[in-house]
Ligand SMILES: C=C(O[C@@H]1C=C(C(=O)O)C=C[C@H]1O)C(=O)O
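Take a look at this one chain, the form predicted on its own, written out in structure tokens.
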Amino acid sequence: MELDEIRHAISDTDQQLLGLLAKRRQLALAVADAKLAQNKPIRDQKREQELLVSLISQGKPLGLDAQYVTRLYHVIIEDSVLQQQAKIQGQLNGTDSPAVRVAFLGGQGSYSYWATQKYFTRRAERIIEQGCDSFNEIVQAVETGHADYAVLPIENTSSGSINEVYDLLQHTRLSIVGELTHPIAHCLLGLPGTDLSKIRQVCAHPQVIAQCSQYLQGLSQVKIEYCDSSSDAFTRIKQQQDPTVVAIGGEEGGQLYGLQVLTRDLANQKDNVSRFIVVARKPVTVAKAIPAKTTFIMYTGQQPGALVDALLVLKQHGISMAKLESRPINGNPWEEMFYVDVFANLSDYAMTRALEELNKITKFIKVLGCYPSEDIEPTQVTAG
């Protein structure tokens, strides 16, 4: 076969694969309905493990190694679980809608833009995008009814917590209704033909600069220009048309602005992932079949052992903590508000009792939201 014929055959095969993947996704959604009717949890890791073992066995005579099959089906299984969760949550809360208005940081191409696409593609036919210049503007868009949801980055594996977002959560009336994690791959991007040795200015969001600090320290005589978002940085490069000015952001986003990758993998940590939360005006109910997280804030006071006593309440009720974050209380020097993420459904008896007890021993407590957990840990297969 000639090269063009081989490529044509590959394209035909890819088309068939896409059709089969779409069919499998529809079957997975049908499974969600069946599980809900039988009151079974969405995730069945024993079934997943049996499936992977069977697929690995079937793949061997076809020349497909175990690692290849496992990696491929981890992605497919994760998609199935998230699709099922989104469908059940939409039915339970009446949030299925042909179109949603979503506020996020920056414009097309920003990391928040891609996170928004990733989350809401499973939940709506059309996303009406509302790019904003600040976190405060994002929250206000939802509070005033100009947007239905907001997508906010809250922490990153390289730069840690995003304090401004935590502070906004303390005072907003909005509820956390969802979460997602999104891999962040920072690249140095510039105009086509840019010479790395002649760079004089780097444009990026402050969080991006913090995540790439080690790389930036190696650039001598280069000015750092802070931007509102990655898309803002891309826009500046495109408008200025100056080959000595570059941006840091995602490759896919940079391509929307005609920029080319100069250097990849700039983050301080190899596995650079951001966690985003989704907030709305009304809280949601999480189906029992879906693993849930609950986020609340509390002020324990400054008496010795107050925080320990509060955490012991969670332990006594068998509630696992996912995160504990402290933030200063504005106007109260040296006093802190604690933000707590736990693996629990707000409707669970244990969680209800724990909150009742915490309410008695803390000076202030407020639930920020209960929402589906999207921590989909890959099912491992024992080597045999």
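So that there is no doubt, residue numbering starts at 1 and follows the sequence shown. Being a predicted model, the structure only gives us computed values, none of them experimental.
The discussion below concerns the form predicted together with this ligand, not included here.
- Counting atoms of this ligand, placed from its pose in the predicted complex by superposing the C-alphas round the site, that lie within 2.4 Å of this form's backbone or C-beta atoms gives zero, so the site is open.
- With this ligand omitted here, the record of contacts in the predicted complex names 35 to 43 of 35 to 43, 62 to 70, 337 to 345, 317 to 325, defined by a heavy atom within 4.5 Å.
- In the predicted complex, at least one heavy atom of Glu48 sits within 4.5 Å of a heavy atom of this ligand.
- Shown alone here, Thr194 lies farther than 4.5 Å from this ligand in the predicted complex, counting heavy atoms only.
- When contacts are judged by a 4.5 Å heavy atom cut-off, Gln89 does not count as touching this ligand in the predicted complex.
- Within 4.5 Å of some heavy atom of this ligand in the predicted complex lies at least one heavy atom of Ile77.
- Proximity to this ligand in the predicted complex holds for none of Val313, Lys360 and Thr362, with the criterion being a heavy atom within 4.5 Å.
- Comment: this ligand is not present in this chain, but in the predicted complex one of Ile209, Val81, Val284, Val102 has a heavy atom within 4.5 Å of it, namely Val81.
- Among Val53, Ala28, Leu355, Ile329, the residue placing a heavy atom within 4.5 Å of this ligand in the predicted complex is Ala28.
- Contacts between stretch 202 to 222 and this ligand, counted in the predicted complex as any heavy atom lying within 4.5 Å, involve no residue at all.
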